[in-house]
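Here you get one chain, nothing else, as structure tokens; it is the form predicted alone.
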């Protein structure tokens, strides 16, 4: 197999095109054409052609028109134009129309090889960037937000409507519902998609560190500030800044953030220079944000600046019909990563998954499917492959398959699992767990003593 890259040489002068082909044949495979029509036919016949080297002045269709047609049909094609000294201005203008470079005649063969090599490297880099964008789109594009429920259809509609604008977006929803994935989708569908996507997880940083992380700092601004550091507002310039867990930022940082949202200006910590930034802000919280604001725990004016467009992501338990779609998606993903050994999910296993309340939402479902695929012994996921604690919790919702006794288990095992699952589903609150099971709180206390796990259960009101 020939591993050389292919170059198409187009010139109406036979001696010129053959001479160029000989000069480049050591490092590249060459194809020649005498005119634009032959060149387009060669491009159609050989998709491996990476670069076209074309004279500008040719009978019939000239080199610039050929370049435009070739680029339109083959966007990844690099093009270098050959031009006489008197036509250099036209060649420069052609670069504005899509040409990658031009070389003046008579051609210096050493320069030719260097310029061709440079364009090949640039073409490889462009293709690598496109591949990375495709990979990001595959991971974070709107198509990755799976769902056919009415609640998710509403999310899709809003994302498509708001993405092309620069409006600030507030994403609200429980942990694990995919807020960062939605933020990525908004970015990828926006005019800023070629710019950076910068994420800050606000709750993970102390107030001092968060301020420095967002706005940057000057050398000597505080102990340990040994050099100037740009912040996330500068790093995200031209792109999107995602502020996760925005409700957790301290009051002083809230004031500074309000200013940035109002006029897109700020100063680094310890600095006096006013900086400008061109960003789109997407924020997220897992709180009931309005109630949090009404309780006086977050600035109301900042809340309204953040909540220009609000998108509420529903918990998975409210997206019942989406569970099979998500489970199948994750099954394909993790099966592919583990040798395509597991092919499907049995109806009984799916019934258990649908009955489980999913307190960890989509993230918990993803992790559960990965575990099931890795540990499965057969090609089809069965009820026994569903984690035991999920089978027990699902049984509280009355699914026959979930109520089935685990293989090798006993009646006592099933009873114990149901009690523990009820406690887990109710945050350890024994009264609520007893109500869910239809028994008394005293009975739960007695059962926990029988299981010798009294100390592991939460106390009343916990």
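Numbering follows the first chain given and starts at 1. Just so you know, these numbers come straight off a predicted model, no measurement behind them.
Separately, the form predicted in complex with a small molecule exists; it is not shown, and the next lines address it.
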> Which one of 366, 305, 122, 332 is close to the small molecule in the predicted complex, taking close to mean a heavy atom within 4.5 Å?
Replying inline: 366
> Which of 159, 99, 362, 345 has a heavy atom within 4.5 Å of the small molecule in the predicted complex?
Replying inline: 362
>> Quick one: 181, 286 and 326 and the small molecule in the predicted complex, is every residue within 4.5 Å by at least one heavy atom?
In response: yes
> Of the listed stretches (251-259, 146-154, 218-226, 378-386), which one has a non-hydrogen atom within 4.5 Å of the small molecule in the predicted complex?
Replying inline: 146-154
>> Is residue 176 part of the interface with the small molecule in the predicted complex - any heavy atom within 4.5 Å?
In response: yes
> Could you tell me if residue 211 has a non-hydrogen atom within 4.5 Å of the small molecule in the predicted complex?
Replying inline: no
